[in-house]
Ligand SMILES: Cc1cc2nc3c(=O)[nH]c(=O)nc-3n(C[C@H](O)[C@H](O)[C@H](O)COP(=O)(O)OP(=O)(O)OC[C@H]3O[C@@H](n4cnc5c(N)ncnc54)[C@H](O)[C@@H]3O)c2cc1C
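Here you get one chain, nothing else, as structure tokens; it is the form predicted on its own.
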Amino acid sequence: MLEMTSGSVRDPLRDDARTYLAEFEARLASPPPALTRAARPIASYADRVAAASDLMRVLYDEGWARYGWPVEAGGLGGTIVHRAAMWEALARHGLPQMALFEHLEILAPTLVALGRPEFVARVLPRFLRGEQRWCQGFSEPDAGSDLAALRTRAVPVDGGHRVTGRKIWTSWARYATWCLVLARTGTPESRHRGLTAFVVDLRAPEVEVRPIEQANGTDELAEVTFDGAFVPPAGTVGEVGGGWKVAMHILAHERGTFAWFRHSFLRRQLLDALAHGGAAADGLLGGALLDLAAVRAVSNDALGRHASGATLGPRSAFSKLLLATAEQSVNDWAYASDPDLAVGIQDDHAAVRRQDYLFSRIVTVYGGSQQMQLDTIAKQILRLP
């Protein structure tokens, strides 16, 4: 176990990500049983969540998962480079995916940057330790990808706000404790200027979560209904009326730096499938490797920009496009290498590979469609009419 040094002036692991990585690799030379369990193919999503949560508890208790997060928020200091190094090392040692802890790299940076410090210091450590999980309530049945048209409302009441409305396609809501909800606090005509971000406790009696079974058989998605759910002032993220800024901060991570984390596990997925590959699919394999290399180069740049305090802005659209292409390339090759994947035996190994392939068909939609990313590049980077 690491010696916790949050109060010390000098911490070699915090001050140098390479030292951190070397020490973490040494730790993984004798992998904790929780990593061995989480590295197995697990078809049941509920069991996968439990295994991932157990691993997070071990990584937090030993200190590794606290690096890369501010001390005042319960971390041990360092930058996103520490987090990138930790998850890539875990993938290298067999972990197949982050599961619902992908939200650590999508939501937590925004909570740290724009959330109420006392609230963040209370909830982030429990997120990092796998005790409490989070989801993101953006999409709505009648708004689709047009965030500025959302209808979920939040009205001021004594001591806070009450949130009423419906969210859909909410990833991991079934397993989450908290939901970061984008709600309308202004008029419908105010569009994106009338939005505010709130953290809603999904355990509240005014909240109903209905899981949605996906085509790949998992229940990762859900519909969430809020019927006057109360949010105290501590649960407001950013300013009232500043929800668009919060949303853009989240999407910059989901479309930008997250590509590094995802590509590490796509590479793991590709390496695990190599034994099934035949010469006939070598062309697809080469394409998948090149696509992964492109994601690695672009997302490495995004990590560096974030670590130096720069904002990613519209450039994150490049990462999102390249990541979607790479994810489909890896799975196209996996399917071409093993056509029996579609109808093969139903053990956990085959089931997970089938889930991965089917999930890869939707990656050009979630987090902003491929067309939206191209539109962003055309208008905001190339300045096309």
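Predicted model, so just to flag it, every value in this text is computed and none were measured. Just count from 1 along the sequence shown to find any residue number.
The same protein also exists as the form predicted in complex with the ligand; that form is not shown, yet it is the one meant from here on.
This chain is displayed alone, yet in the predicted bound form one of Q269, T185, S299, S139 has a heavy atom within 4.5 Å of the ligand; that residue is S139. Of the candidates F101, W169, W87, F258, W169 is the one whose heavy atoms come within 4.5 Å of the ligand in the predicted bound form; the others do not.
Although the partner is absent from this view, A22 stays clear of the ligand in the predicted bound form, with no non-hydrogen atom inside 4.5 angstroms. At the 4.5 Å threshold, heavy atoms of A234 stay clear of the ligand in the predicted bound form, well away from it. In the predicted bound form, the ligand sits beyond 4.5 Å of every heavy atom of V240.
Contact check for Y60: no non-hydrogen atom falls within 4.5 Å of the ligand in the predicted bound form. Contact annotation for the candidate site: L221, G367 and Q371 all lie close to the ligand in the predicted bound form (heavy atom within 4.5 Å). In plain terms, the part of the chain that comes close to the ligand in the predicted bound form, with a heavy atom within 4.5 Å, is 130-138 out of 75-83, 260-268, 130-138, 197-205.
Residues of 43-77 are not found to place any heavy atom within 4.5 Å of the ligand in the predicted bound form.
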